[in-house]
Structure formats: C-alpha cells, structure tokens
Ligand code: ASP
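The chain that follows stands alone, in the form predicted on its own, written as structure tokens.
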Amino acid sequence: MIVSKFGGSSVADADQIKKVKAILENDDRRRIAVVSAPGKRTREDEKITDLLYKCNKLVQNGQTCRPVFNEISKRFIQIAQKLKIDDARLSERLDDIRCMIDAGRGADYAASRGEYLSALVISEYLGWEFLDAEEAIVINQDSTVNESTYERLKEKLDPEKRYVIPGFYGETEQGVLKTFTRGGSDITGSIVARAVGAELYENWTDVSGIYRADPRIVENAEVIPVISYKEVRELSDVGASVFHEEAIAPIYSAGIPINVRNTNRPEDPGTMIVREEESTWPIGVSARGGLSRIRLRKLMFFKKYGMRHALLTMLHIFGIRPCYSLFGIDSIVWFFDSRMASESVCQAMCDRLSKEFGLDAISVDHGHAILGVVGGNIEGSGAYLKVLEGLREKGVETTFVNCGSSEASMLIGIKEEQTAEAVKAAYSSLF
C-alpha cells in the first residue's frame, strides 16, 4: 500500500485536484490520500489556512469573521462546482463552521477547517471514504503524536477501501481538537503510513524533489536523488522547507521510505528519503536568516552547577527560545528568531540577566543567518575547507564555524544580508 499526501499547492483549485485524481488512479496501490488545505493559486493569492487564522483573530478582537470567511466559502464552492459536486451540503457545512468560529472555538479549530473541508470535497470527488483525523489521531500537549493513534487508525482503516484523510490536526486525550505545527499535514501522512505499514509514503508538492540549494537563489540547482532521514532533518533545520522535519519521527523505526514528488510533473522521480544513505560528499546547502544573537560572558561561568539551565529558564520567561548555541570557557552565544522579542524586551532581558547573574558582559545584536552544509563526511572529505575558501573568495564574512557537533552537517554564521551570496558560493564550491 502507498500513502499519498498532497500539499496546499496540489489542491489549490479544481484543476489541481483533477491532477491529484489522475495520480491516485495511476497506481492501484495508492489507497489513502492525506490532503492539506488549498494553498495559493497565484503569487498574490492567500492560503486558506492564513484566511482562517485571520477569522480567528477577528473573533478574538470582538468582531465577526463573516467578511473573511465569505472569501473562504466562495473558494470552496467554486472548487466544488468546477468538479461537478453538489454544493448544497457543502454550503451548509461552511455556514456551520463560520458560526463555530464566531462562537469562539479558537485558533486550532479555525485553522483545521481548511484541511477538513478540503478532504470532504476531494473524498466526494473521488468517491472515496472520508475519515476525520479528529476521530483517529491523538496529539500530545507537546504536539507529538500519541502512541494510541496507531491502533485507532488500524481499527478504522479497512485495507479493502480507499480513504481521504485531512492532515494537520487531531485531538488531545481529553477530546479537544488540536493542530500540529504549520506544515503538519506531512506529519499526518507519516503517521498514517506507519499505522498501515505502507511500503511507501509519497509527499506530493509543487517541486520535483528536494534541491541541493534553493532554486530561487541558485539557478538550475540539482535535485537530490536520495537523502537520509537524518540529512533531511538537518537541511530543514537550516531553512529548507520542502518537507517538515518532524514528519520523520513517526516512520523512523519502521524505515518507510518517503518519495517527494511534483504534482505538476508526475513523471519526475523526485527525491527518495530513506533511513540510511551512505554519502561521501555533502548533498545540499541551505540558510536560515532572521536571527538575533545573545552574547554572555562571566569569569568562571560554568563552575556554578545549573547556571546554563537557569539562564535558559530566564530567557524562556522573556519569550526567547534559542535555536543554536555556542560555548566558550567563560562565555555563551545563543541565536534566536528575531521575531520572538522586540528591542525593548531584549533590553529588559539583558538588564535582568546582568543583575541576577552578575554577568561581566551581555549584548544582543541582529541581522544574523546560519549557513548549513549537509550530508557526507564533512570533516574527512575536506568539504568544509572548500566551502570556507569559496566564501572567502566571494567576500562573505563568517562569524563562527561549527564542524563536528553533527557528522552530517557544518554550520557557519554569516551576516543576513549576505545569505544569497553565501548559498551561491557554497553550492559552487561543492557542486
């Protein structure tokens, strides 16, 4: 059996959904489809999920969501009509959902309705069974999947039938609807693939696989033919956005391969993600910008037990959760998403940390990015030397180099304004 997940671009309108049908009917092993909410039809368009979040925000501010929800209703009705589906029941369901959002059901409920409606429409178009993810998928408070999910899915999925399942959401053990993080339909697909013991999990999107570098930055960037679970997580961590890094966890132990494919070019083989892949050279480069840097220094910093944990706890109080760390004998450097804290919050945090921990120095600055080189024997192959030389030749300023914390990646600190130049230089040096 093959589980096929279709992203927002693949179900953005009726024409795209027709392509989905052709793909599913082309291989009899494709018996379960997991679908996202409709994505953008054009560059200027808005994703259905973003519109639903707007609806919830309006309600939180004491207003009705009707004006924005009317746009959502219009789009789903247009899809249904072009697919020649009776839209009367769909209209009733849309009205019910708008009333529930206006009644204050919350962000998770609102956001989940894009996938819910998408699956309803597509299941009717295909003539397949609709299985609501809320009835089968249990999500823990930390947004990980509860182990009871797999048995629940096995009980509900008849191997002789075909199903459409909405991605992105489930329910808590207490029966409250809950979503995964954005892009969570990838996670739903991998959960279902593990539950049914799929031979393959297909992830259909609008690109022909995972590229060695962002094709918007590097012209004619190559597609990676095969990549390991570990390597795709490392690439995702430094900005590559084709596949959700958390979607690896449910199928890791089962070793189910993932095939990232292009709905608009189904003949392309795409990228195969496998449990183990021995590469002797890096397979890709990516960069993550929008970072700020905290630098702390205190003599004999780590002589006091629990100092690092206490500092992190204080950062969390100010809403800051670092994503990268560097340590010296008397110093710590943390990088975090700049959107987490305003300038005034950063200043208040620095004042509080300096006073409570008696720091010798603390500062926050902005405009940073992390360049990641992923795959292969980074140290033994000498790839890191080629990358650093390539960056130097192109005049890219580096703020740190971390090689060795992971055998599958090297991280290089750069200035955010040089992100594109850094990616191009690293790609050219390696490939």
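Note that the coordinates shown come from a computational prediction; the quantities given were computed from them, not determined experimentally. Residue positions are given as counts along the sequence shown, with the first one as 1.
Just so you know, the form predicted together with the ligand exists too; it's not on screen, but the next bit is about it.
Undergrad: Is there any non-hydrogen atom of Lys54 lying within 4.5 Å of the ligand in the model of the complex?
TA: Contact check for Lys54: no, nothing within 4.5 Å of the ligand in the model of the complex.
Undergrad: Would Lys47 show up as a contact with the ligand in the model of the complex if we use heavy atoms at 4.5 Å?
TA: Yes, Lys47 sits close enough to the ligand in the model of the complex that at least one of its heavy atoms falls within 4.5 Å.
Undergrad: How about Ala37: is it within 4.5 Å of the ligand in the model of the complex, going by heavy atoms?
TA: Heavy-atom contact with the ligand at 4.5 Å: present for Ala37.
Undergrad: So in the model of the complex, does any heavy atom of Gly184 sit within 4.5 Å of the ligand?
TA: Because a heavy atom of Gly184 falls inside 4.5 Å of the ligand in the model of the complex, the answer is yes.
Undergrad: Choose from 311-319, 176-184, 216-224, 194-202 the stretch whose residues reach within 4.5 Å of the ligand in the model of the complex, heavy atoms counted.
TA: Looking at the other structure, the answer is 176-184.
Undergrad: Which residue among Phe168, Phe243, Tyr211, Tyr116 has a heavy atom within 4.5 angstroms of the ligand in the model of the complex?
TA: The option sitting close enough to the partner is Phe168.
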